[in-house]
Ligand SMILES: Cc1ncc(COP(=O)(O)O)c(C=O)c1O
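Single chain ahead, written as structure tokens, the form predicted alone.
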């Protein structure tokens, strides 16, 4: 079952305890080189969106290539400050007075989602100190979400995110809005990134000239095969030259794509019209986007149904009928004890997982460049119980 596995992972596989999320440090380092290149050549800032990936054990590897982190709430902001230690940016659909007060002690940049919210809280940002920056998220009316349809399209009809074009003149521009924030992409290649930049330049120039920076949000899939980095760099440089503003990107998935795995073990084979393999990894618990998007994750060494002689449905070990990971084919029959390796499992995996049914959470582990396998965190009963009482 090891066909198609990276050699270091194949060597470590027999001794792994499963399930386990495994960060491939060599692949992650290569992804960070991409971020460093964009920063240097485009002259922009690049942040890690911790909503999609937050593993402090690899922050030392990422820190030199990035300018900081971006958070979607109080706890992510605190994690970014304490564990990453550089700039902290925060966006929330709505703040309360108490959360904003705490965030002003943690974050450098705070983005607001509505005219009412920025009018209400901009004075507090201004009095918090000269280093604090206030931004407004706008809905640019540009959709390029390539995954999940409206579920992951920030500019879908009736989206709750961002001030619409019709309300922009109601914003308190004269009170000092520092940054425009636009997030319109999801797993987009360069045509999406460049398209958004061009759209903003063409449609919102009068507002861009009122601020110091434009944050083009996340969804830039900069490390995915086929992404044209030169096109992105050229677009950012042209935008900066035209408007004289800073440019910020905040990819999450794009920084860790194809840089990690979820390793599972086959527990049993049952039959109902076709063979079904029960795994110790669960779609509903350990890779929830499989059900939410939905999508079928890559499985190293396997193909789609019918390609190879032996086709199986892969399911999790929970009581949820729909806990199905997907259907795959293999060159040899599966049997209990076989190890399976799902690819691209760093993004939106352990940050979203859960303990439904009391299902154990997978280990968090690192596969180092010298082949050493390190377990960063192992979870147990107390982690399950601690969420309930």
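Because the structure is a prediction, the values reported are computed rather than measured. Positions refer to the first chain, counted from 1.
One more form of this protein exists, namely the form predicted together with the named molecule; it is left out here, but the text below deals with it.
Looking at the named molecule in the model of the complex, residues 137, 253 and 348 each place a heavy atom within 4.5 Å of it. Just one listed stretch, out of 319 to 327, 30 to 38, 51 to 59, 335 to 343, contacts the named molecule in the model of the complex at the 4.5 Å heavy atom level, and that stretch is 51 to 59.
The single contact residue among 162, 192, 315, 218, judged by any heavy atom lying within 4.5 Å of the named molecule in the model of the complex, is 218. Among the residues 84, 239, 95, 91, the one placing a heavy atom within 4.5 Å of the named molecule in the model of the complex is 91. Taking the partner from elsewhere, residue 109 is found to have every heavy atom lying beyond 4.5 Å of the named molecule in the model of the complex. Contacts to the named molecule in the model of the complex (heavy atom within 4.5 Å) from stretch 168 to 186: 181, 183.
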